[in-house]
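What follows is a single chain, given as structure tokens, in the form predicted alone.
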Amino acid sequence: MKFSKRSLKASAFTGSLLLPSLAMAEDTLNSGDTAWMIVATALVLFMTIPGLSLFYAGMVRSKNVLSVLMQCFTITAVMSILWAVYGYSLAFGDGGSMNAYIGGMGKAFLSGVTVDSLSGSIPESVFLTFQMTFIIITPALIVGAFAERMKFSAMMIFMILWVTLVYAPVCHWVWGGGFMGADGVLDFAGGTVVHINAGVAGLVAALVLGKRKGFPSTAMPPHNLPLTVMGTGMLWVGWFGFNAGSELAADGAAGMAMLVTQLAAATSAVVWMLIEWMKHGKPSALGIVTGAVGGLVAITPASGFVGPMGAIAIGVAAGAICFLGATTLKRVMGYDDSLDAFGVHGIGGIVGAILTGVFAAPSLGGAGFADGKTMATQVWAQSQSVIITIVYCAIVSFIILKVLDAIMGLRVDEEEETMGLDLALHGERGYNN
């Protein structure tokens, strides 16, 4: 997601250019930008189905493989509808006197979106569909934290409430003309909006639901690592749409975003592999692909603001810190984040959001800070956005989960968990051999 043309103009931090409903009279359709954004939109959707779906499915036990695929697929369908009905309006509409915190309902049911309406140099329909893929993947990421133990019905209601009360407001704060964008917070493609949000919600869900039966004494290894490796490859390719597409134009900034995305992912993958090799004596396929995802997460908020060497530095930090988060921190705290949604997305998002304030410095090859900010004040703005997002997301997610638990229950019973969610909830098997 970009502020204007990603050139860090002073006007970029007013938030006004983010609102398609307020598109300037000089907005002119650019066929090159439009073609690129259609491709980028398809790439980001490719990240969820099949990318994230396979990445997660390979890591669960065979009796739960379909449940994860079903959750990701259903989230894709439901979030698409919600985005059209009111999500887009809440995130990018004009909220009037409340615009610093939430958009209005002027764009509900996509009111005013026509063949001819523009958002900058692309059709508004393309812009809103691109943003739709973001609201799809964000709740899907949360699935990894509570995999193998949550009711399908409870999961769906939680996701609907969560994107309404958490995702849409935070998206508006950063990209829709809200207070974070106005304060100069830099989040190019979703470190705060997507990854910290999803990671924190996942951690809260894991804590509220409790551990899987037998965890941690019973071994629960991934049942099909080739699926996970293939899913990671799809995520990596799709991430070019995620980050480079957030420029909303086919220009040099998009090209640089693509380059730094590749470098950060590659560096983080190698760093994770080397740490694991030194610590355990062998490098693992699961380790290197998880490291790559951690690097992709960390570069997401920085991808439009840092240069190649900054991306490599962020990749080093992501590989090392996400490794500690997904291994040591989880073991010390004792929570059951099934597929490390918080360890990779939450921690990786925090690392990337804060380091954006460092490596955006022109002296370090970056594009510069928000208008009037120094490195110290930019890092402080980034840190404030991280803290606010963590606190808000954690509190609201906890309330939603506790209310749903009291009304309908969140967790499958012990017999269903032992049987596996594929059979217990969907009446199907992933494998019939």
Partner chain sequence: MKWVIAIIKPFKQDDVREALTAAGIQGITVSEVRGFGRQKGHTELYRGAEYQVDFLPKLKIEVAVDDDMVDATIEAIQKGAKTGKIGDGKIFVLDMSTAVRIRTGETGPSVL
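Numbering follows the first chain given and starts at 1. As the structure is a prediction and not an experimental result, all values here were calculated from the model.
The form predicted in complex with the partner chain is left out here; the points below concern that form.
Student: Go through 375-383, 390-398, 35-43, 52-60 and give me the stretch that gets within 4.5 Å of the partner chain in the predicted bound form, heavy atoms only.
Tutor: Of the options, only 52-60 has residues within 4.5 Å of the partner.
Student: Among the candidate residues Thr327, Thr129, Ser121, Thr76, which is the single one with a non-hydrogen atom no more than 4.5 Å from the partner chain in the predicted bound form?
Tutor: Exactly one listed residue reaches within 4.5 Å, namely Thr327.
Student: Out of Leu225, Ala84, Ala154, Val358, which one falls within 4.5 Å of the partner chain in the predicted bound form, going by heavy atoms?
Tutor: By the 4.5 Å criterion, the partner-contacting residue is Leu225.
Student: Using a 4.5 angstroms cut-off on non-hydrogen atoms, would Thr138 count as touching the partner chain in the predicted bound form?
Tutor: Residue-level check for Thr138: no, no contact with the partner chain.
Student: Report yes if any heavy atom of Lys213 sits within 4.5 Å of a heavy atom of the partner chain in the predicted bound form; otherwise report no.
Tutor: No - in the predicted bound form, heavy atoms of Lys213 and the partner chain never come within 4.5 Å of each other.
Student: Hey, in the predicted bound form, is Leu339 touching the partner chain, heavy atoms inside 4.5 Å?
Tutor: Result yes; Leu339 sits at the interface with the partner chain in the predicted bound form.
Student: Does Ser363 reach the partner chain in the predicted bound form if we count a contact as any heavy atom within 4.5 Å?
Tutor: Contact check for Ser363: no, nothing within 4.5 Å of the partner chain in the predicted bound form.
Student: With the partner chain taken in the predicted bound form, which residues across 217-235 come within 4.5 angstroms through any non-hydrogen atom?
Tutor: Sequence-ordered list: Thr218, Ala219, Met220, Pro221, Pro222, Leu225.
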